[in-house]
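In the form predicted on its own, a lone chain appears below as structure tokens.
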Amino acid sequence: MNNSAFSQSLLDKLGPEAVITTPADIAPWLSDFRGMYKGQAQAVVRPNTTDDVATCIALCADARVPVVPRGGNTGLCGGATPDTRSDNVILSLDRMHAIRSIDTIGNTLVAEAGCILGNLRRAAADVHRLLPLSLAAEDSCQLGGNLSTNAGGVNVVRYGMTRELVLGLEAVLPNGEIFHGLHTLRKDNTGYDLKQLLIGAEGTLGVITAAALRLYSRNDVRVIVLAAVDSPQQALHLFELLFERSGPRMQAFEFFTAECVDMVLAQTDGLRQPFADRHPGYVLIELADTVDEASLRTLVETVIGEALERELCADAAVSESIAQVNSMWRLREEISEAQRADGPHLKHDVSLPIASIPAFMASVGERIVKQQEGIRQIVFGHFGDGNLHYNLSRPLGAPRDFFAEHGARLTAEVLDEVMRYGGSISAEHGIGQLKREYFSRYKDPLDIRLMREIRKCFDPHGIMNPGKIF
């Protein structure tokens, strides 16, 4: 069946309000938001229901037409962008954005995959509950994309990755069958936990259409600490103390270097140096609880006082107002946007054994400097869970296409060192198109073989999100 005939079959089954076939209207759906990848497609399908998703995928399966699931298009690895085959069908669940239920006794939320994450967080807050998944892109990313990449975010140290928040899933498999796993049970030991295969699979095993998520009590009492540190090792000693003293109240422990702050201040209005002196590194710590603010503040001030006495930080400031909380968080949250404004750069989303982070930063820094003088190392991340964003910006004055010539060599230096320390080349952004080569190079061959066999079992004709991961 040619593209025109197949597109007509989609229109016949799903209707013109759900199917886009005009090239000019398809064009905005063909690129990732960073402009790194651009593909082709014969149609964009925007279903209203899970049954419509099943109808679309069944048609594609019968005709061997590739399906590219797409969420909010906030991914950094090209996982939701089609390849250059003209017969691709882009499947967007942006019209499936219903919250099906919120249960404040079982503490669950059931929502469709097209829901914006920030809207879900606000819906939970409205019934005095917390959905802890929190990302910089939460007001544009969609739940389906969060699930498909097993997103992390700033609260992992307390609540875990996305998969740890999921109780059940509904999904459409590559043959058009609906997987009815949308359970809210806390305990279910009836064989394999099939939902976990779909989480983090980047749409290669099927399309997640809805999820049942865990909710937690709202922690409205928040205290933020911004601490200056002389080294990553000092930051980890501070983390050890805070974890010991504050227990589960600590929900974020973010590290960033002085170079990050310099770039944010150069590119962002309304912020200033956090301390009188410039320090090699900074740690932003958020503690939250349901107790009164005075009790939490007393705990924080006691622990930070001990940290200063033991020289586990060089200076520290405790938030006194919501405005100060927001200002402290902006220093961390604006890093990615500041680096984007600075120009083309290399992103490395890696994870490491937490205790190995200081040694890794020292050794990889030496490797980078030997390879290319003047490279600016913009290093930040979720220290509390071992996730480091080891980004590189081009030397000052270098041409904008600097990384076109040097990027592959520098990335290999970084990832070689990650593997030497027993880390992972992807912590929370997935593989997509960006990391396929490195995935094949660094992943254990047995792991890859088993993954390929699982994918073939789910999708024998290879129609689901082709060219991603493998």
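Numbers follow the displayed sequence, beginning with 1. Keep in mind that this is a model prediction, so the values were computed, not measured.
FYI, the form predicted in complex with a small molecule isn't displayed, but the following is about it.
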Using heavy atoms and a 4.5 Å cut-off, decide whether G384, G386 and N391 all contact the small molecule in the predicted complex.
no
With the small molecule left out here, work out from 203-211, 263-271, 182-190, 119-127 which stretch has heavy atoms within 4.5 Å of it in the predicted complex.
203-211
Quick one: of G72, P232, G168, G176, which gets a non-hydrogen atom within 4.5 angstroms of the small molecule in the predicted complex?
G72
Have a look at L135, A316, L299, L236 for me and say which one sits with a heavy atom within 4.5 Å of the small molecule in the predicted complex.
L135
Closest heavy atom of A288 to the small molecule in the predicted complex, within 4.5 Å or not?
no
Is it the case that H429, even though its partner is missing from this view, gets within 4.5 Å of the small molecule in the predicted complex, heavy atoms only?
yes
Taking any heavy atom pair closer than or equal to 4.5 Å as contact, tell me whether G153 reaches the small molecule in the predicted complex.
yes
Please check if I224 has a heavy atom lying within 4.5 Å of any heavy atom of the small molecule in the predicted complex.
no
